[in-house]
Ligand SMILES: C[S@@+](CC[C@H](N)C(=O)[O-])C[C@H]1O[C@@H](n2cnc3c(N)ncnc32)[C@H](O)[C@@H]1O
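A lone chain, given as structure tokens: the form predicted on its own.
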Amino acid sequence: MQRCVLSDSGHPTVKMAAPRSWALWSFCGRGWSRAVSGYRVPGLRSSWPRGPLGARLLSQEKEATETHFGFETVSEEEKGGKVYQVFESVAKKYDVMNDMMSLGIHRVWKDLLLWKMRPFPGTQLLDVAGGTGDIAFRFLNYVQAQHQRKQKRQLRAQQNLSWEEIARKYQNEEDSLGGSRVMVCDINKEMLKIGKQKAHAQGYKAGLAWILGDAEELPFDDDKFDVYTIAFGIRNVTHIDQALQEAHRVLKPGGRFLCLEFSQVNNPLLSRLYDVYSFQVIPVLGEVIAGDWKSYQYLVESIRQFPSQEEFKEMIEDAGFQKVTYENLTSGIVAIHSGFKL
């Protein structure tokens, strides 16, 4: 079993409170491991200098203006650093806390996101803020199962094949994903590190790439991906409108944007119970399990600061997406937002 190693050979100096100025990549699986000196990986923006790691310096410091970090008012530059520190702190316990906080329901929500996506053979997926790999692994499972079903149908249709010919077809199968690929892009190195460890432990290697990059300035060429997903990540972005514009830019014409995010509960009784649970229980769980009260207090507050379903729908439309819809799950605790680049 092959383990993919995220490159850490350089530590560029930046002016921000957290490292968000370089995009590094490593590739795993057949056709994704060619990261040799002087080789330009297809799909990465041509404006990057061709250094040994293919890194590109992202945009310079944005003019400092005020924004929110949970219920706290901070500068935009400060928020980037604070959010980075939150996820650096919780990375090792992130998946365990997701199970505890949602009582495991987050797994169903993510399954529904894949069901809504229904990727076809050859789908190129970009999963942003997907550091621990939950969406990527589900995608790989889905497309592999779909490809295997297609292969079996083709073999059944060829009644005249001998046993040896059938066995040879299976043995010569070079791409069990039917050409599908997923890139996991996250700004946090610790989250990506956990994701790569999970991929190694669970045997995921082909068709999977890990990219260190910023949702507000993605390190990819225009019109690159068939599907863009972001699950429980966009509310942590400083400039949500800019992240949405970037999603639109990197999608191919006809490509689909899918966002799974906490939203506003539409049941008054459930809303009151949800507030009590969120503010009285979740930070306590964070302290007991992850040793970090403040990070989970922020996560709860960030949910309350996120736009409503209708407001976020308008933001997606403003970014250029069409046929924008959303579907509430669990009475609006979360919602799946969908839009197309047409």
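Sequential numbering from 1, following the sequence displayed. In this text, all values refer to a predicted model and were calculated from it rather than measured experimentally.
There is another form of the same protein, the form predicted in complex with the ligand; it is not shown, and what comes next is about it.
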*Quick check: do 87, 215 and 237 each get a heavy atom within 4.5 Å of the ligand in the predicted bound form?*
yes
_I'd like to know if residue 247 sits close to the ligand in the predicted bound form, meaning any non-hydrogen atom pair within 4.5 angstroms._
no
*Taking the shortest heavy atom distance, is residue 233 within 4.5 Å of the ligand in the predicted bound form?*
yes
*Look up in the predicted bound form whether residue 125 has a non-hydrogen atom within 4.5 angstroms of the ligand, and give yes or no.*
no
*asked:* So, residue 256 and the ligand: in the predicted bound form, are they within 4.5 Å at any heavy atom pair?
replied: no
*Considering the ligand in the predicted bound form, find the one stretch among 201-209, 79-87, 139-147, 117-125 with heavy atoms no farther than 4.5 Å from it.*
79-87
*Out of 129, 177, 227, 194, which one falls within 4.5 Å of the ligand in the predicted bound form, going by heavy atoms?*
129
*Enumerate the residues of 183-197 that have a non-hydrogen atom within 4.5 Å of the ligand in the predicted bound form, in sequence order, or give none.*
186, 187, 188, 191
